[in-house]
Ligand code: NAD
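In the block that follows, a single chain appears as structure tokens, in the form predicted on its own.
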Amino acid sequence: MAQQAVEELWIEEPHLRALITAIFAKAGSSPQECEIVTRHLLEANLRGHDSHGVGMVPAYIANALEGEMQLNHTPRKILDQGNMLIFDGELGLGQSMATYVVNEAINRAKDTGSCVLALRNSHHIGRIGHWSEQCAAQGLVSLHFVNVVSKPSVAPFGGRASRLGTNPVSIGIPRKEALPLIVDFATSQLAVGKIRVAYNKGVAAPEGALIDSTGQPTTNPAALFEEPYGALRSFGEHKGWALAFACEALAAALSGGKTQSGPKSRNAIINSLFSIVVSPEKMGTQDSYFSELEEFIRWVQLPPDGQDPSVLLPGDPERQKRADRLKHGIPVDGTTFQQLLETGKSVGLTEAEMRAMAQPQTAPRP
């Protein structure tokens, strides 16, 4: 069964930012890298994706200390040919690797109209929607496929054993005078990190997300973290499994990276990324793109009874969550907070100075 429920703490964004920045700085990250990874992780928390937020720090720092993740690394360019770019991350800190290569793809797409980008063998690159946002902020449409090589956690449709990772997909859709639409989802029912959050909190996982070691449905998050191991299910049955398969083919095999073709062999969390970035301006369709997009949005949000629109667009729930957490603070369960303290100690911080930075509260700010 799941653990007993643990206390939830609330930390204001600037205080949590100070703590995470200090941990990475003590581990040896440059000021620029500290800013990149901390901003990325906190944005995940602010948007409600705690699975890809500061709870990943213990794994990142442990891997850095073991030589399974490289700090202050620059991805190595493998191919630069027309509108095609391939980089090898060589286990560099994923947020740094992806920021660098996506910027390169943005510049190329602005110049030539499009870019096909591959990043292979990076350490975990975090919330994939972040890279769609990076492209959309420059007026570019983008599509991203990612595979995960680590401990298998997802059973293929029709299977009972974990054989692949959560393999996310994201699409960034810029608008002319409004915030972009960001499609971002794992091809499993939930991300592993969301089950980790439930496990750390001592609460049940959502119905339908997990199977146990015998292939039967379970809501016990321990199925992913304690023997005998179970697995996550694909979303949408065969549809999610087909997309996950495409991620292995495109992000890993096509990029020259590693597929999840066996059990976990090392502690590194390895991602490969395959992206397509397109400039509507260079295509010559920018005006019709923006106008038709807004016409479609108007139509789908038009209620039959004439009341205010109630249909949320992709990215709206995250923006609402962000506003709420900036106001009230970011929830961090007690287990995760203790793991952060232990991680900080491993790089030379004291518990007293970390608590002073974080200033955790037992209730949200009014």
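Residue numbers run from 1 along the displayed sequence. Note that the coordinates shown come from a computational prediction; the quantities given were computed from them, not determined experimentally.
A second form of this protein, the form predicted together with this ligand, is not displayed here; the remarks below concern that form.
Query - Which of 289-297, 252-260, 177-185, 154-162 lines the interface with this ligand in the predicted complex (heavy atom within 4.5 Å) - result: Only one stretch passes the 4.5 Å heavy-atom test: 177-185.
Requested in this report: With heavy atoms only and a cut-off of 4.5 Å, decide whether residue 59 touches this ligand in the predicted complex.
Outcome: No, residue 59 sits far enough from this ligand in the predicted complex that none of its heavy atoms falls within 4.5 Å.
Query raised in the report: Might residue 34 be said to contact this ligand in the predicted complex, defining contact as any heavy atom within 4.5 Å?
Result: Flag for residue 34 set to no.
**Report entry** Contact of residue 313 with this ligand in the predicted complex (heavy atom, 4.5 Å)
**Finding:** Within the cut-off, so yes.
Query raised in the report: Does the 4.5 Å heavy atom contact test between residue 240 and this ligand in the predicted complex come out positive?
Result: No.
Query raised in the report: Quick one: in the predicted complex, does every one of 127, 148 and 166 get a heavy atom within 4.5 Å of this ligand?
Result: Judged in the predicted complex, 127, 148 and 166 all sit within 4.5 Å of this ligand.
**Report entry** Candidate from 318, 68, 43, 333 lying within 4.5 Å of this ligand in the predicted complex - any heavy atom
**Finding:** Of 318, 68, 43, 333, the residue with a heavy atom within 4.5 Å of this ligand in the predicted complex is 318.
Query raised in the report: So which of 233, 201, 108, 194 reaches within 4.5 angstroms of this ligand in the predicted complex, heavy atom to heavy atom?
Result: Partner contact (heavy atom, 4.5 Å) among the options: 194.
**Report entry** Interface residues of 91-109 toward this ligand, as seen in the predicted complex [heavy atoms, 4.5 Å]
**Finding:** The stretch does not touch the partner at all.
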